[in-house]
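The chain below stands alone, shown as structure tokens; this is the form predicted alone.
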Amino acid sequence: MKRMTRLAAVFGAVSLALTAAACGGDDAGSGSGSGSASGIVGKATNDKKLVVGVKADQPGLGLQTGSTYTGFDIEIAKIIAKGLGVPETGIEYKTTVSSNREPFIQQGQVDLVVATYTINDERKKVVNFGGPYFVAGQDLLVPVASTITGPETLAGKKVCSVSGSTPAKRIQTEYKDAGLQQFDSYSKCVTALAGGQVDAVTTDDIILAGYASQEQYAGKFKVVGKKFSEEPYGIGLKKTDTEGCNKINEILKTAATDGSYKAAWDATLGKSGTAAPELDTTKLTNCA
């Protein structure tokens, strides 16, 4: 009988300990998660910092000079950060190229990518997109004396674009008679064009216009002006961050009406004389 009593006491003590541990675990779990956001909203709220992937070699859009980044994409990044409660001093810019934007997002090397980043179905399988904040179109940059008048005249011509980019893939699939040369940056393509190694550079019209307007290329190049695609620029973030995506779209809606979007354009691409476009907020992505 005494043995049974001792066993009962032991089991009772163990049961009480397990119950207490379970209750304590529930309290700790709910306490650590209550009221806390995740993704970019959570990081912005808690740390007041964001790492943003941007281009470093696109005049007027994302250009690095020393340790400073300038351009329309940079201004858009500032607008998004501000809307999330992050000051400009809390933004860390990280140079990205077309081929590493998805890996950088997936690996957590960046929180956002604002880098002339076309929204398409293939990319949406692995990352989420806020926006678009601008709609560009693929075009061609050629020497002023070139006879190239559009993509249909590229047969037998050497065309340069960036590895992993939407424009490069379009040339490969839709204009197979063109000889595609690929580099990891458009600046290298433009250098090749200036040196006569290629006949044309292809990417979005606004990117090409930025290169053509650079002082060292003034009067040497022209944008053909025959767009053959629609390229909606989005803001990339982790696939699972639906809350962050929706917040980005809310911020863009505000920017479209409070003058900050137009100010971002006027301070960068607007210097070329091109008027600021309307930000069509009816086309913002359905965050999933």
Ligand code: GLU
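For every residue, the number given is its place in the sequence shown, counted from 1. Since the structure is predicted, the reported quantities are computational estimates derived from the model, not experimental observations.
The form predicted in complex with glutamic acid is left out here; the points below concern that form.
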Proximity of Glu231 to glutamic acid in the predicted bound form, heavy atoms at 4.5 Å: yes
Residue contact check: Ser165 to glutamic acid in the predicted bound form, 4.5 Å heavy atom: yes
4.5 Å heavy atom contact, Asp111 to glutamic acid in the predicted bound form: no
Glutamic acid contact at Thr203 in the predicted bound form, heavy atom, 4.5 Å: yes
Which of 171 to 179, 140 to 148, 75 to 83, 95 to 103 sits within 4.5 Å of glutamic acid in the predicted bound form, heavy atom basis: 95 to 103
In the predicted bound form, the one of Thr153, Ser187, Thr118, Ser213 near glutamic acid [non-hydrogen atom within 4.5 angstroms]: Thr118
